[in-house]
Structures are given as C-alpha cells and as structure tokens.
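Encoded as structure tokens, the following chain is the form predicted on its own, with no partner shown.
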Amino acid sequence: MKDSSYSDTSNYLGGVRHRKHPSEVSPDADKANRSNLLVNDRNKYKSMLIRAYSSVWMIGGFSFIIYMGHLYIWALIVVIQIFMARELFSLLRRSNEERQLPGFRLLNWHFFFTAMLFTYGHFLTQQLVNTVTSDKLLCQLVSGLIKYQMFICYFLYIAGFVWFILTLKKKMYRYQFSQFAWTHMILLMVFVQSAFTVANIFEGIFWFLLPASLIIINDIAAYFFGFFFGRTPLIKLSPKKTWEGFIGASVTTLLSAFVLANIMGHFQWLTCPRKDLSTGWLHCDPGPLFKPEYFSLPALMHQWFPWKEVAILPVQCHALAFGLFASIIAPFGGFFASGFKRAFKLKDFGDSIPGHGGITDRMDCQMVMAVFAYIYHQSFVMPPSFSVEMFLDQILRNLTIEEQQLLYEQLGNFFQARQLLQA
C-alpha cells in the first residue's frame, strides 16, 4: 500500500519521475479530511443528542460521588481502573490462542490486583491507622499490614511470575510473552497515573475536582466549537479535531478555570485535606490560598462597574496554570490515544458509554492532567515540610563531633535562659 503523502505524477520531465513533497497535500486528500469534520457530518445532530444524554448522566453521577466524599471518589477511581483494564486487556486478545490457554486471562487480573495492592496498600492503611487510633488491637493489626505490605505484594507478584512460566506452551511463546509485556504496560499506564489522582483527592477534593472539571469543559467546548465553526483540520490523528474547536476550547477553559477556582475555593468540603478514611463533614483553616485578597479597580472603570474593588482568591492564579495545561497540553493525551487506536484499526476502546466510546476514551486526557496537577501542587502549592528527624539527620551527616557538642551546649543555654524568662 502506498503512503498517501506521496503520489506519482503522470508527467515525466527528462526521464525523471517526480514525487510530491511530503508536506504537500493533494486536493483529494484535503477534500477527504474536510469531509470528516463535524460541520460536514450529516448525522451530527443525532450523535450530539446521544452524546449529550450520556454526558448529563455522567456529570450527574460524578457530582453525586463528589458530594459523598473522599472515600467514595477513591472507590470511583478503582471502578474506572477496572473498566480501563478490561478494555485494554481485550485489545490484543486473540480468541483462538485464549482457547488453548485456559486460565491465562485470570493471570492478567492477578497482576492487576497485585498492582492495586502495591499502589494503594501503604497509603490507605496509613489513613486507616488515623481512623482507628482508639482501638489498640485494630491499630496494631493495621500497623502490621503496613510493615509487611511490600513483602506481600512482592510475594504475590513472584507467584504470578512463576504461574506465567509454568503455563508457557510450545508454539504459543510469542503470544504469551507479548501478552505478558502488554499487561505490564497497562498496569504502568493505569496505576502510576491513578496513584497521583488518589493523592490529589486526599490533599483536598479541590485539587482533584478542578483539574478534572477543566478537562471535561475543554472537551465539551472543543466539541461544540468544532460542531458549529470547525473548518480547519488540526491534526491527522484525529480527523474531526479543528483549530476553531481547539482555540475556542482554550479560551473557554481559561475563563472557566478562573471562575471555578473562586466558586470551589469557598467550600471547606472541597478545600480541606482528609487525613483518615472517615466520611464526616470537614472543617479546617482554609489557608492563605483560599482567603480573598481585595484589589481596587482603576478610577476609569468605576463608570462601567458598580463596585470599586474586587475580591480574588490567590488560588485563582494557580487555576490559570491548570487551565493552560488542560487546554494546550492535555489534549495530546487524546491525540496519543487516537494514534494508538489507528494503529490497531479501532474506532473506540470500547462501547461502555453511548456516544463517547469506552471508559479509556474518556480518561486519556484526565490521566495526563492528574499527573500534572499532583506535580504542580507539590512543587508550587504545598509548603515544605520539615521534621525533627530531618534536622537530626542533617546534623549527624554534616557536623563534626566538636560542632555537634557546641550545638548541644548552645541549645542548653538557650533553653535555660527561656526557663528563667518564663519563671
């Protein structure tokens, strides 16, 4: 099959056969690309209604889960992971080979739940310790789980590895090893990124909900701008993506980020971190990021606006960074998924959501955004945490014995003087 970017000309000049430069697009190819745009789709209104109906149900269910709290949101993430793994495990599955390997699919799920225990085990058991501090026996049991969690995960993985080796079958080696590699790639893609998502949730629902909402807004805005105004194709991997949709969605996402951060920042249920697995209502000091700062408007604007000053939450500036990433970088997660589907000649990863495809089709950009949100929060939002152990470690590593003794004496003098002042 010839590459569509090249075409032989029918004219020969001096016996030389000319080819079209790769950057040139033939009129037929350009016409084909334009026919794929949403504005030229005859069934676009029917597909829009189906898509809108599914979106309403998803947003409604998502809002209810957010209202229920941190633990339920984490449970939602787990359910999404299971559906994603199911879709991706089935992507390269061959029914003929599977019939000759009974129990081989069960091995994939063994690795999946081992990875789940490894990813969430230590984090959630630590949260459980904070929840059951009143029960000493249960607290000791949970502490034991934390201590041996790594060993349990390693033992389960080695058991799966041995299971895989024992099931190797002649003439099936290539298929089995390709499935083994594919399974590990799925686990890496699903769990590494979802671990960041869960960490964001317990730092405060705000840091999960705002990035997730911006991806949803960007996707909806890109769809509608492309639906009504799309004329210029954006990227060949996604024929229905247009520059009009991309630019319109970017502006909408930035404005939404600024406004949503202000609205969400006023609810302690969203801004307070959760340090345990309880489901009770949260109350905390929101911190300087969520306390309004007042700015006076220039005198020239007084005739246009009824107020003389505006209140802005500092977190709204951080929200603009999220908006930029959600509108410019995160869509490339969708482009990556589109290229992946084209490589395997698939329209969608699944058909779980009418009008949208599978769960993986909805989560491609979300996973990229979750990693960015966590790294940004830890780098620019989270204050540095210092502990006594950290300082002692630095003292022991960097000070000589004489310097340590001098520090000890100076601290003793300091505390003696402080006691005299208090007396």
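Only a predicted model underlies this, so the values are computations on that prediction, with no experimental measurement involved. We number the residues from 1 along the sequence you see.
Not on display, but discussed next: the form predicted together with another copy of the chain.
Asks: So if I measure heavy atom distances to another copy of the chain in the predicted bound form, which of the stretches 334 to 342, 73 to 81, 98 to 106, 241 to 249 falls within 4.5 Å?
Replies: The contacting stretch here is 334 to 342.
Asks: Have a look at Phe161, Phe228, Phe267, Phe258 for me and say which one sits with a heavy atom within 4.5 Å of another copy of the chain in the predicted bound form.
Replies: When another copy of the chain is considered in the predicted bound form, the option within 4.5 Å is Phe161.
Asks: Let me know the one among Phe196, Tyr223, Tyr120, Phe89 whose heavy atoms come within 4.5 Å of another copy of the chain in the predicted bound form, would you?
Replies: So the residue touching another copy of the chain in the predicted bound form, by this definition, is Phe196.
Asks: Can we say Tyr53, Phe64 and Ile312 each have a non-hydrogen atom within 4.5 Å of another copy of the chain in the predicted bound form?
Replies: No, none of Tyr53, Phe64 and Ile312 comes within 4.5 Å of another copy of the chain in the predicted bound form.
Asks: Even though another copy of the chain is not shown here, does Ala181 get within 4.5 Å of it in the predicted bound form, heavy atoms only?
Replies: Because a heavy atom of Ala181 falls inside 4.5 Å of another copy of the chain in the predicted bound form, the answer is yes.
Asks: Do Tyr154 and another copy of the chain come within 4.5 Å of each other in the predicted bound form, heavy atoms counted?
Replies: Tyr154: yes, in contact with another copy of the chain in the predicted bound form.
Asks: Does Leu297 make contact with another copy of the chain in the predicted bound form, using a 4.5 Å heavy atom cut-off?
Replies: Leu297: no contact with another copy of the chain in the predicted bound form.
Asks: Is Val368 close enough to touch another copy of the chain in the predicted bound form, meaning at least one heavy atom pair within 4.5 Å?
Replies: Looking in the predicted bound form, residue contacts with another copy of the chain include Val368, since a heavy atom lies within 4.5 Å.
Asks: Taking heavy atoms and a 4.5 Å limit, what residues of 162 to 176 are near another copy of the chain in the predicted bound form?
Replies: Heavy-atom contacts within 4.5 Å come from Val162, Phe164, Ile165, Leu166, Leu168, Lys170, Tyr173, Arg174.
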